[in-house]
Every structure is written in C-alpha cells, then in structure tokens.
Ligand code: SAH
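Okay, here we've got a single chain as structure tokens, the form predicted on its own, with questions on binding and movement later.
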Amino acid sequence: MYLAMLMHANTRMNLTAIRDEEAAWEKHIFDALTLVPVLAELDDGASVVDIGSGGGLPGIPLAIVMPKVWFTLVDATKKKIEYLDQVIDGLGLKNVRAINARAEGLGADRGEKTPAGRVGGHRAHYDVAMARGVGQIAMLAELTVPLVKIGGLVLMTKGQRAEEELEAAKAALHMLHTNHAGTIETPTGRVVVLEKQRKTPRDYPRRDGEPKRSPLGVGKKDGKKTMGNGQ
C-alpha cells in the first residue's frame, strides 16, 4: 500500500526518480529494511528521527515493520510533509509523525526550561537519527548528531564513496564529539554508523544552510572558520 501511494503521488510531485515499481521494491523498500538489524536492538518505545525523509524513506517502511518504535519524519518541504501526513493516516500508522522543519532548527531546539528541568525539544532527544541520500557525511553529521542522546546512533545509508566521505569527515566527527562505530555492508549499499560520545558543543548545528555551504572541517579555510569554541 505504501509503495502504491508513493508511486501515485510521484506523478504529481518529485518524490523519487524511480518510476518502475519492481526497481522501487529493491531500491526503496528493501534498501530501507536493511536498517532493521541495527534498529532491532532498540527497546520498545525508542525514538528514531528520519532527516530529509522526502517520500518517507526509510522511515515509513521501518515504521510499518517496527510498530513499537516511534518515528519522526522531518522534511523542509511543506508539500512533502502534507503527503506524508496522508500516508500516515491512510496506512493507519500510530507510531509515526511528520514535521515540516529544517534539521538545523530542530538540532538547536532545547525545549522549555521549567523548575523541574528542560522539557520537550528535539536536541539530544532521539535514540537514533537516520539520513538517506541527503548529502556527504561531514554535512550530515552536523545535522544529525545534535539530535541524538549521548550513546545514541546515527545511521547513514551511503553508496560506494562511503569510505572517501568518512575520511573527509574526520575533523567534523571530532568537533561534534562522535566517532565512526562501523560500516555495515548490505545487499543494496552501505550503512555508516556513528556513535555520539559526548554532549554536542553548543555551536552546532550552525544556522540554516551553513552545514551544506561550508561542511565542518572540510578544507583548511572551512576548518579554521568552523572550529567553534567547544562549549
């Protein structure tokens, strides 16, 4: 049902370049489900955020097969969120929500300060953050790491250039207090796993668009410019 809804909506808006349903099963559905072995270790009620969800990948297929895990789908395009709301309602999914926002804004959202402490907010809220085909690792790390708890994971679905991107992202991972926990080979590609080691410095994420324009630590000029004070 989900794939049928995706293919139908794709005739009205740009959700995927794949038009063939058989190819979509492999490149979208099966590719999304390759994350199940990692997510299967989460406790019931764990929270996962999908950054740049677009047509709902990988979040929707995962939410279908993992009903005891909570998924938050994030996209900056309002029309895509409206489509995702229709999918969630149409499939009767109770463990998913869609948010129209930029990852930079969510990563800076610390919630409200109360006498009992801070409540709400997206920063350091999630057990896992996911990103699929959104950009290079140095940029994605700045958008995703601030969202997960200390000890939380970031899962990036990548292709053949994963190792090259990891090498370029070494400085960024150090600056964000996270490390490369491993790369998982799957039938459809590679999943790069990052683990958050310590609290993210308050400087990150930077303002909207900056992570993409000037990825952390990439090149001497950018590295000096974006080091931050580490507080």
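In this text, all values refer to a predicted model and were calculated from it rather than measured experimentally. All residue numbers are counted from 1 along the displayed sequence.
Not on display, but discussed next: the form predicted in complex with S-adenosyl-L-homocysteine.
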In the predicted bound form, S53 touching S-adenosyl-L-homocysteine (heavy atom, 4.5 Å) = yes
query = Would G111 show up as a contact with S-adenosyl-L-homocysteine in the predicted bound form if we use heavy atoms at 4.5 Å?
reply = no
request  = Please run the contact check for G121 against S-adenosyl-L-homocysteine in the predicted bound form: heavy atoms, 4.5 angstroms, yes or no?
outcome  = no
key: Close approach of L93 to S-adenosyl-L-homocysteine in the predicted bound form, 4.5 Å, heavy atom   = no
ask   = From the list K79, R102, K149, R97, which entry has a heavy atom within 4.5 Å of S-adenosyl-L-homocysteine in the predicted bound form?
value = R102
query = What stretch, of 36-44, 169-177, 53-61, 183-191, brings heavy atoms to within 4.5 Å of S-adenosyl-L-homocysteine in the predicted bound form?
reply = 53-61
Residues from 126-151 in contact with S-adenosyl-L-homocysteine (non-hydrogen atom within 4.5 Å) in the predicted bound form = R132, G133, V134, L143
